[in-house]
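Single chain ahead, written as structure tokens, the form predicted on its own.
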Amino acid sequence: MKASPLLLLASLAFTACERPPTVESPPAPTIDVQETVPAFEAALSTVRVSSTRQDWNPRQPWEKNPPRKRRSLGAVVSDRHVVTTAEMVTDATYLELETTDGLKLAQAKVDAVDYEANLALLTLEDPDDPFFENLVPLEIAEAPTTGDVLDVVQVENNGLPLVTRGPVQSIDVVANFLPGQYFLTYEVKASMQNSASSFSLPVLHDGELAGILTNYNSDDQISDVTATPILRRFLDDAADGTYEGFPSLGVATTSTDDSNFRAWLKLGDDHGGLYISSVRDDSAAGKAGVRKGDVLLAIDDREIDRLGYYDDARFGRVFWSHLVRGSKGVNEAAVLRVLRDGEILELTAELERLDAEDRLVPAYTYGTAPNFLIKGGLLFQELTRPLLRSFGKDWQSRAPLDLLDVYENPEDYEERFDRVVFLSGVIATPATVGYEPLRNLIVTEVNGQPIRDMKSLVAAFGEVPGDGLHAIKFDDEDFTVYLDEPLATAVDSQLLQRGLTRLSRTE
């Protein structure tokens, strides 16, 4: 009997994927080609995504770094839309879609993006472009569970699809892009092949889209795949054209597995629970009346154990944050059962999204130009996590201690600052003689005016004292820097003439 072209294509693709056996490697598993047919059919609903990215230079915030290119595969999920990772579109200056056969190209734009969940939805820049003709949108799969086999789709430069099969080994909440942003993730055991356009990849279950591969560990052969419930909630939220995002409770927690700690908290053996170590005043938890020192026992009657896990009917033991960031949307309610001074209370939290711009030290600044001011050669910037990371690989130990303290303990600074402005460096000019060693000092006052953000700093420098000297004070520093206004103005003019594109930004 003559084999069908589709089965022959599948057979050829798996032959191309095999690696030469080694003494240490076990024999390759037997693959039922018939089972892969839905995956190969669904591969026809994938497209290549290319992005040109150009982020801002954290040390010279008036200019951008050189552009970089990145390629991946996206999945067609609805009429004229493609889903990929947010990491693909960070600081993108140009986005392009290409059919896997290479015959069609189209400029794309971001329709919705969630950097925390690492998901992005793209559409065409030209709504009349025929790019999507003959591309069938993928259906969203029923959420797989542990043991289910998933298909990771890749496409070579010649258009040949490669499908790698692997079981879901475990399911848990994982931070796969931004630290501290945890979402439900499938851990898939599979030996991936090197292939073109493999930065992020569609993952299928029975020919339907189950998630997006965001990370692959070649040593352990484990892939992180954004779980189906997160993908579905993202797409449903974006469907009406107004994306709201995933909510947060606004608390930091600590396990209660230490027996002495439990005794101090008056926690009996019949309770699990997490100790709430901090609460944001403007968060859903803060508005609901949750306090530092409470013990979170349950959310919506889902009991939370001493390590923070609960029993999910479909996914097994899952960390508690999925009850908020994955099971619910913005403006939905969550009933919190807490223990306070030995008494059990029930509090209702109206869930909200905490945007990056609402934080004292933003965790990310994608798509946003950094605020700064150059005055006479003094460079002032607003503190962000990307700026802290510019101190190098070990920035959490190498960055200045006062700046790290703001990042790690923002609640100690929020009353005085909306954004922390600091002197990040000094350009040697006639106005800064003797000040060259100064750097990384938090600014508290200029000309007697408190500095809450970059706008207030610019405004303070706009009012020239009678003696023509600006007085700049710093946090925890017993000295004042004086800057001559006429000399600083002359220096600023020279800096612009020598090629500096601008002296400030307060967006």
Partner chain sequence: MLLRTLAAIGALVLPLAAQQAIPENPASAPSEVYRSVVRIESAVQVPDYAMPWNSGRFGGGIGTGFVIGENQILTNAHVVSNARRLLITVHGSPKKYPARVEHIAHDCDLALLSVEDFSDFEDFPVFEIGGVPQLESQVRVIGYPIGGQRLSVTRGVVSRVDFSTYSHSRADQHLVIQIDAAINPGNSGGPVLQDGKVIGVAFQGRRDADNTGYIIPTPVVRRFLTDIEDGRYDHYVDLAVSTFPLFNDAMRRALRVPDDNLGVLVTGVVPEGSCHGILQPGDILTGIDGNPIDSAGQILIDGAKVDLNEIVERKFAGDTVELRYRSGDTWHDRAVELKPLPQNRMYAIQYEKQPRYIVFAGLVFQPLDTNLFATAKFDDLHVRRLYEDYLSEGLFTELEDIVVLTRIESDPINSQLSGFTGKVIDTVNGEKVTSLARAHELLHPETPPEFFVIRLLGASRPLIIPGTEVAAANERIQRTYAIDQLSNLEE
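Small disclaimer: the values here were computed from a predicted structure and weren't measured. Positions refer to the first chain, counted from 1.
Note that the form predicted together with the partner chain isn't included here; everything after this is about it.
- The closest non-hydrogen atom of residue 458 lies beyond 4.5 Å of the partner chain in the predicted complex.
- For residue 257, a non-hydrogen atom is located within 4.5 Å of the partner chain in the predicted complex, even though that partner is not displayed.
- Taking the partner from elsewhere, residue 177 is found to have every heavy atom lying beyond 4.5 Å of the partner chain in the predicted complex.
- None of the heavy atoms of residue 301 is located within 4.5 Å of the partner chain in the predicted complex.
- Shown without its partner, this chain lists 76, 399, 190, 423 as candidates; in the predicted complex, only 399 has a non-hydrogen atom within 4.5 angstroms of the partner chain.
- Segments offered: 169-177, 279-287, 345-353, 401-409. Contacting the partner chain in the predicted complex at heavy atom distances within 4.5 Å is 401-409.
- No residue in the set 216, 220 and 374 has a non-hydrogen atom no more than 4.5 Å from the partner chain in the predicted complex.
- Annotation for 279-306: no interface residues with the partner chain in the predicted complex [heavy atom within 4.5 Å].
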